[in-house]
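In structure tokens, one chain follows: the form predicted alone.
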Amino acid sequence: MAKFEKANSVGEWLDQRLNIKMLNRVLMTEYWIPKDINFLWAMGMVLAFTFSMLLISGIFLLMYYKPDVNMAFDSVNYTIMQEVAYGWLFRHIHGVGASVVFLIIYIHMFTGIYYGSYKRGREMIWLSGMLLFVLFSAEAFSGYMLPWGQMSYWAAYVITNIFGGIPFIGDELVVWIRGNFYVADSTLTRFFMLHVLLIPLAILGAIGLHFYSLRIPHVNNQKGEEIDFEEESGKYLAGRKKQSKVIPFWPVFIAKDVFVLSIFLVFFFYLVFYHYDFAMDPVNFDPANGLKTPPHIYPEWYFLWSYEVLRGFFFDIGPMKASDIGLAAFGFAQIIFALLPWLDRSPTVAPANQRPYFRCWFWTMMVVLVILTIFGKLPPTGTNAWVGFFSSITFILLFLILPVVTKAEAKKVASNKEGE
């Protein structure tokens, strides 16, 4: 047994038993961050804070929500919104937060792609981040069902029906997910359990893995420079702070994070108080009705691009089922970003503006994703259907040609160096 001496303070007593000073050095004062980064690197902190707000507001909503098909709609739209003091505020925070969190995720994700933060030993950072993206998507979908409005019901019907396209087990899997042959009370209670317990626990674990995976390769920087963190941190600790290329996470870097977070909160609460309706579909204010299909079914904006990839192939193509091709394309869209560290064949770690071939690829991908998002909310008829189809094809082709593009770029860089 370790030897304990009499502590002179509560902090010293805790330190003897929990080694708080060591933990503080490892996670805070001697956790080093490159100086050469911009405000986009604060998105991780903003994301963690937004998730905390979603947890807290969700706990308050949980006190009054009824996971029953006969009471769910009224518990949200009448009990919470009209009878509970400040219930409207917590619902607005939760609804706006669910949309804004995906805006932050996409900024964080595309920042990583632009600066090549998935390369050179940072594969686990990227994979854990993509795991978080999948978990947040599952959390958002399961939560979208809970108000039990028209769009909630029919979105659940469409999304769960997608699993029916899986060979051999599809039909049985749909019944198992729904807990019934159709979207019913058992479906609502299952998704309620996933939303309030299972998926949040998985997200917390994935966040821990994501932060832990940063420890060895450290945070990337704007130039993609490979920094000797041991040498640079030694300079900082020796008092040569200007010459050092790194700063401590606490208190220097966290101060920058807090500044960005403060600006974000102004934007966030402006939406909460004045434009919360952007996060709530008007159709969802009608009670769920399994006998009345909405004229046009679509998911929330953050799923529109992948939804358009799914339905982009739903046209008559002869003996082959269009739904099968659409399902395959949808599956491709869900996993392809996770494979980016292996699809990018160039060893160069640099921002896209310093990689001419990759820069063209990146901005083409961004334009295609915007087009898919816009047309994902429009009825799939006439010109809309053809734009969705060609955009879906382009999205898939972009990732298929990425290894070729980046290999050609690597050869060009190598030949330029030989010429010098």
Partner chain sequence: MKELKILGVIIFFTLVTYWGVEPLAHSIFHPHVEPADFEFSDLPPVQGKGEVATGKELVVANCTGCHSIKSQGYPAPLDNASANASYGVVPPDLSTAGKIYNENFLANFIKNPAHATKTEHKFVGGKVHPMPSFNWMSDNDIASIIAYLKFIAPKEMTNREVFVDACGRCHNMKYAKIKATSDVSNYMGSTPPDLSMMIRSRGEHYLTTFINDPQKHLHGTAMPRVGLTQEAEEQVIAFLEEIGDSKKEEREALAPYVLGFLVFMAIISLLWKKEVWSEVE
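Residue numbers count along the first chain shown, from 1. Keep in mind the model is a prediction, meaning the values are calculated, not measured.
Beyond what is shown, the protein has a form predicted in complex with the partner chain; the following relates to that form.
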item	value
Candidate from Tyr212, Trp176, Trp342, Tyr78 lying within 4.5 Å of the partner chain in the predicted bound form - any heavy atom	Tyr78
Listed residue (Asp74, Glu232, Asp185, Glu123) with a non-hydrogen atom within 4.5 angstroms of the partner chain in the predicted bound form	Asp74
Heavy atom of Arg359 within 4.5 Å of the partner chain in the predicted bound form	no
The partner chain contact at Ser262 in the predicted bound form, heavy atom, 4.5 Å	yes
Interface membership of Phe278, the partner chain in the predicted bound form, 4.5 Å heavy atom rule	yes
is_contact(Gly208, the partner chain) in the predicted bound form, heavy atom dist at most 4.5 Å	no
Stretch from 23-31, 362-370, 390-398, 60-68 whose residues place a heavy atom within 4.5 Å of the partner chain in the predicted bound form	362-370
Site check Tyr153, Val158 and Lys411: each within 4.5 Å of the partner chain in the predicted bound form by heavy atom	no
Sequence-ordered residues of 379-404 touching the partner chain in the predicted bound form, heavy atom within 4.5 Å	Pro379
